[in-house]
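Single chain ahead, written as structure tokens, the form predicted on its own.
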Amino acid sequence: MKTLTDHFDRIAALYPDKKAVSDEQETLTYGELAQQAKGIGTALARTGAKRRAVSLFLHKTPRCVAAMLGTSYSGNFYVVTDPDMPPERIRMTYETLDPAAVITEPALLETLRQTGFSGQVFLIDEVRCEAPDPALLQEVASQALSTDPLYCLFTSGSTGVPKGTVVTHANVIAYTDWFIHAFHIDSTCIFGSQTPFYFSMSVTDLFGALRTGAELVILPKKFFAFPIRLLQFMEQRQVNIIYWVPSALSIIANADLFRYVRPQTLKTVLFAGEVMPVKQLNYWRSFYPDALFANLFGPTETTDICTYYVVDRPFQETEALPIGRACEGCQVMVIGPDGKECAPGEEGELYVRGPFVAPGYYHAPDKTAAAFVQNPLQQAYPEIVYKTGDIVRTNDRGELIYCGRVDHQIKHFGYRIELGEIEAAAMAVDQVFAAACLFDAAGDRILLLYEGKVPEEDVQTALKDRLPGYMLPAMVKKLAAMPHNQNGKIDRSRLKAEYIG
């Protein structure tokens, strides 16, 4: 089977009446999802576009999943575009993409107009009711290759222009092969989906579900502001596996919500996207002692994940949680500044090779060449690997430990410092729920911002017991609430703009 839709066809034929994807308002069975996706694919294929971008200007709903698959059936690749993003940012992505079409809904047409897009527009509720044309879809499928793009996902660019990572069918198939095997995903799984569809983490539970006959339950975003309702909804839908960002998990732990509601069906808790604070992890583990917990790690450019660690022992709040070992099907290397492999315990940059690695960025050859490079450990034949920008080391168990980002490492008082180490020390303070450390290069100052119930002076005192003097923040400030971006992570850009300028 060459494409993701080939795999989906097999599952839809096996489980036509089983729930595939649902939210508060709508549920689609595998048969209904396949029918709607093929209708969308037929409408798009009639435009004659091939291997071009189709923007899905839609909110996170079951019909958006149908549009993703439908775009694939048409021989094109999808780009989920967040309608809540500033129109100027959307305009920049459209300049890069030059989409063949946009799929949206009537309520979003005015917002779409503000982006300046003047191409072909399809309304989701019209095209998903289109009658599929089997002959046309078969003709498209006969020309498809596993190396064709499945989607393009935009992330922040250092120049302020978003960059789009192109991910192929082969990437997603190889990656989900690992995920399904590693975590025993099958048709009995019911995923509680937290992350937006324009965030790489969503690829894991979405396609892990669609390749196995599992159910994807879209958790309403509004419930994360009312987490008791979130837990009740999960209980009602019998969610048994989640893959969330740590900030979302921490909402539950910080409010001690399991004292009031605890979903009984939950068996697997996976997390990625940020450093998982051990204090909040220990809270979850205390209420689910028999559940599987795993720390997944990787960038968008490796489809989603390249290393993982299944939590197999207790951790103190001051300890760093490992990011583990390479996923089966890919390989990682720790490379020093000299281009050679680091010895155990030495810090170096993480490189990734294998079929999870994306081909590069869309319409960005310079950015692609800077990050997708020749394997430094062998020069005998062409082999492109991904240079992640993540600093790691191996511990005495052979597990990888995340040490920070190349671009988060600062020099202060002549010392090289990882801001993440200061954040970890703050998170170990009792009643600190979230922390973000910033560096004011102009003023040569370290700033620590935190959310919690402990006074600023107590945090400062605790840090003096945990950190050397040159790492102590010049300012410690308590916030009423930590800002979060659309992906659920701490919004560091907003904090920098407010506190550094």
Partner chain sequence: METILEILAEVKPGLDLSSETELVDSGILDSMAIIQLVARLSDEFDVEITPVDLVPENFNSVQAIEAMIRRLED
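Just so we're clear, the structure is a prediction, and the values are computed from it rather than from any experiment. Positions refer to the first chain, counted from 1.
FYI, the form predicted together with the partner chain isn't displayed, but the following is about it.
Think of it this way: in the model of the complex, the partner chain has a heavy atom of just one of Arg46, Lys453, Lys464, Arg51 within 4.5 Å, and the residue is Lys453. Note on the interface: of 256-264, 342-350, 426-434, 195-203, the segment with non-hydrogen atoms within 4.5 angstroms of the partner chain in the model of the complex is 256-264.
Though the partner is left out of this view, Arg285 does not reach within 4.5 Å of the partner chain in the model of the complex, counting heavy atoms only. A residue is said to contact a partner when one of its heavy atoms sits within 4.5 Å of a partner heavy atom; Ala481 meets this definition for the partner chain in the model of the complex.
Although the partner is absent here, Lys367 is not a contact residue: none of its heavy atoms lies within 4.5 angstroms of the partner chain in the model of the complex. Contact check for Gly329: no non-hydrogen atom falls within 4.5 Å of the partner chain in the model of the complex. Contacts between stretch 227-245 and the partner chain, counted in the model of the complex as any heavy atom lying within 4.5 Å, involve Pro227, Ile228, Arg229, listed in sequence order.
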